[in-house]
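For reference, the chain that follows is the form predicted alone, supplied as structure tokens.
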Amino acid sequence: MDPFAPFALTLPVRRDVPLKPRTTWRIGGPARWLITPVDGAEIAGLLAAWPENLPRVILGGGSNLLISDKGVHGAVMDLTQGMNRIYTITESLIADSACLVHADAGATTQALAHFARRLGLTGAEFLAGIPGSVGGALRMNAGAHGGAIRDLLVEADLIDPAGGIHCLPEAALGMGYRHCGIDAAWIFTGARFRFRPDDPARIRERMRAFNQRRRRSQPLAWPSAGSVFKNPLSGPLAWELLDRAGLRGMRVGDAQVSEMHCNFFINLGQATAREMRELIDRAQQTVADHAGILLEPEIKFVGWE
């Protein structure tokens, strides 16, 4: 039985779609149902009549998540296909010579960074090296090189589980280090960001410097999901704790703690979700035994219920 028969969808619902190619780890089983909504109104309409017993997962750039080998036995909404617009908004809406830019939740963080660069707008340079989508970056307050997305954010569009549409200012989102205070059942559909003008050559040079640093310190040749663990609020960084516990290079099958950066766990080719989960669990426990610190994963685990 098709649970989406009552819905007036502008795009078809696909069945048994592999999710592995849609994740940066290249790991995970299929989605029982896959929907590619075209805008927030379509998502709101879906949620307003969503079957109570049908699980759902929101998929953006596919980073920072580990989908189980059995996949998702519910519906996956992939926002990257129909919700990836980026455009400027009339500058008079804000003061201090800044420019307001809208980005859909399915747009990539790299696309937002390069959109700003091409217009001579500064502030998004650090996003150029962060994989994933704008929605995912909002959900975890993604950051790098001393910057975080909340520093740029003016307001965000969200939809609550009942299909209600909301626009909330940054101050109402409860953002902290790799954290957003909005309930996980709410869906980000877009946001407005404030950028200021700067010399395009300087912007390009900053982006180049960030990317060079990234290439020197991160195992970009292998599929990964970015940092696996959050840094503790004080004391050694997560990679240092993993390194001191002797975890550099540790493997479970084709899942490995990177020898280049201990907080990046890489897929050497045929890693399964079970192998990667076991490696994460072992690393967490080893650090707890060695240093007395329980590292908190940045990774979201999907389909493990």
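All residue numbers are counted from 1 along the displayed sequence. Just so it is clear, the structure is predicted and the values come from calculations on it, not from any experiment.
One more form of this protein, predicted together with a small molecule, exists but is not displayed; see below.
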(message) Going by heavy atom distances of 4.5 angstroms or less, which of L59, A31, I35, M276 would be at the interface with the small molecule in the model of the complex?
(response) L59
(message) Exactly one residue in I203, A156, I130, V76 has a non-hydrogen atom within 4.5 Å of the small molecule in the model of the complex; which is it?
(response) I130
(request) May I ask you to check whether R214 falls inside a 4.5 Å heavy atom distance of the small molecule in the model of the complex? (result) yes
(message) Given that the small molecule is not shown alongside this chain, does A144 nevertheless sit within 4.5 Å of it in the model of the complex, heavy atom to heavy atom?
(response) yes
(message) Under a 4.5 Å heavy atom criterion, is N231 part of the interface with the small molecule in the model of the complex?
(response) no
(message) Can you tell me whether N64 touches the small molecule? I mean in the model of the complex, with a 4.5 angstroms heavy atom cut-off.
(response) yes
(request) Would you mind picking out the stretch of 115-123, 68-76, 131-139, 160-168 that comes within 4.5 angstroms of the small molecule in the model of the complex, counting non-hydrogen atoms? (result) 131-139
